[in-house]
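What follows is one chain in structure tokens, specifically the form predicted on its own.
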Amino acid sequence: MRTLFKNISTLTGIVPEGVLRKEGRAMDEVGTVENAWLLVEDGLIAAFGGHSEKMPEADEVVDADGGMVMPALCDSHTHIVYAGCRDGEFLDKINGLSYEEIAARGGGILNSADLLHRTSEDDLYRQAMERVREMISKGTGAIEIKSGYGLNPEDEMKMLRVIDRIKRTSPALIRSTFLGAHAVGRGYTHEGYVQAVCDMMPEAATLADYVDVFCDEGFFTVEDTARILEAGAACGLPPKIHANELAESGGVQVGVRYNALSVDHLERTGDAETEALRGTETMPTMLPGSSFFLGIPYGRAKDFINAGLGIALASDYNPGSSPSGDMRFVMALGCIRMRLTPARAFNAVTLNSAYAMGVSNLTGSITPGKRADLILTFPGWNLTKIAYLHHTPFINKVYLNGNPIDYGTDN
């Protein structure tokens, strides 16, 4: 099946074959073609060109009518398999309790674990798929999903089975991460739970693509993290790390030591973290939705880029600290609060976020051979307007693997 998109005002997000991430000055580059066409064949991007080049024959023609075509957004850090709602904790936050104080009172992650334990697998899947459909309607085409609200072997595997079901049934590209070390499960000592996570690893590895640890103050230490990552490596699971949300925890350094695909959060970093990341394959990933919701610092994105590093941005969609999977808003926060240019923020929510979940060879840019995961906008839009008018509807249609998705528009 060959589908031709014609009358595209701007085809944006073009990246040469073989380029899997952007760093430093390359973060300012956004490949574009004006007055363009795009050919999709069997769900993959086949070719593109400008008005002076002859358009190929196709089985189906989509008239973009002057809209922009861009790659679908990628979200490399979410916790969207959860039960119910934690709106009561929202009131606690309004009344001045901190993230740590809510957790100490039995709220936070442990609250979600209790709710998840009481929820059936089918109901968890139903609730999570509602969130997936919402994210797709807002332009996201690739999603990493973590476990971590089970906190015991039975419930962690329940979560991983739900994520695997989403992977098999959603049109989005899904990756799964085992985050058994999200908090210490009820009934365990700290040491006992670290060992339990290591013991879960062989079974978790049958369904997960990655292993993650919340390496931060009050959760898991650098030593705990190293032990868990070694257990993951023995089972073939590459790491992704929660690091430096609450303190300069050493999580970045231990993640780099174990060749983590990404180190995520990074709200509190210094020069030591920048130096640790320089010259590595690890993608620094910042979660401005969490900073926005919790009122904590935003990551030093500009400093990282000026040091020659790349950055990714992701939503951290979860019920306690970032209850939104709107990657367009994440891009806007990157511009408004982190002072990134629209080009830098766009690269951070497309190619680099795809890299941070290990799929930038498959999606995240306009590149021949990649999945045709696309956003067709209404006429008159550009990257600056998408971030500036951050809640004005701009999506005409989302295409995943070349197929139009009918989940409604972005708002």
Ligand code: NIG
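In case it trips you up, residue 1 is the first one in the sequence shown, and so on. The structure displayed is predicted, hence computed values, not measured ones.
The same protein also exists as the form predicted together with this ligand; that form is not shown, yet it is the one meant from here on.
Student: Of these, 240-248, 200-208, 157-165, 68-76, which stretch puts a heavy atom within 4.5 angstroms of this ligand in the predicted complex?
Tutor: Only one stretch passes the 4.5 Å heavy-atom test: 240-248.
Student: Out of Gly320, Gly325, Gly310, Gly139, which one falls within 4.5 Å of this ligand in the predicted complex, going by heavy atoms?
Tutor: Contact residue from the list: Gly320.
Student: Can you work out which of Ile109, Ala128, Leu116, Leu340 has a heavy atom no more than 4.5 Å from this ligand in the predicted complex?
Tutor: None of the other options qualify; the answer is Ile109.
Student: If the criterion is a non-hydrogen atom within 4.5 angstroms, does every one of Glu144, Arg175 and Tyr355 touch this ligand in the predicted complex?
Tutor: Not one of the three qualifies.
Student: I'd like to know if Phe220 sits close to this ligand in the predicted complex, meaning any non-hydrogen atom pair within 4.5 angstroms.
Tutor: Heavy-atom contact with this ligand at 4.5 Å: absent for Phe220.
Student: Would Asp316 count as touching this ligand in the predicted complex under a 4.5 Å heavy atom rule?
Tutor: Yes, Asp316 is a contact residue.
Student: Verify the contact flag for Arg86: yes if a non-hydrogen atom of it lies within 4.5 Å of a non-hydrogen atom of this ligand in the predicted complex, no if not.
Tutor: Heavy-atom contact with this ligand at 4.5 Å: present for Arg86.
Student: Does any heavy atom of Phe214 come within 4.5 Å of a heavy atom of this ligand in the predicted complex?
Tutor: Yes, Phe214 is a contact residue.
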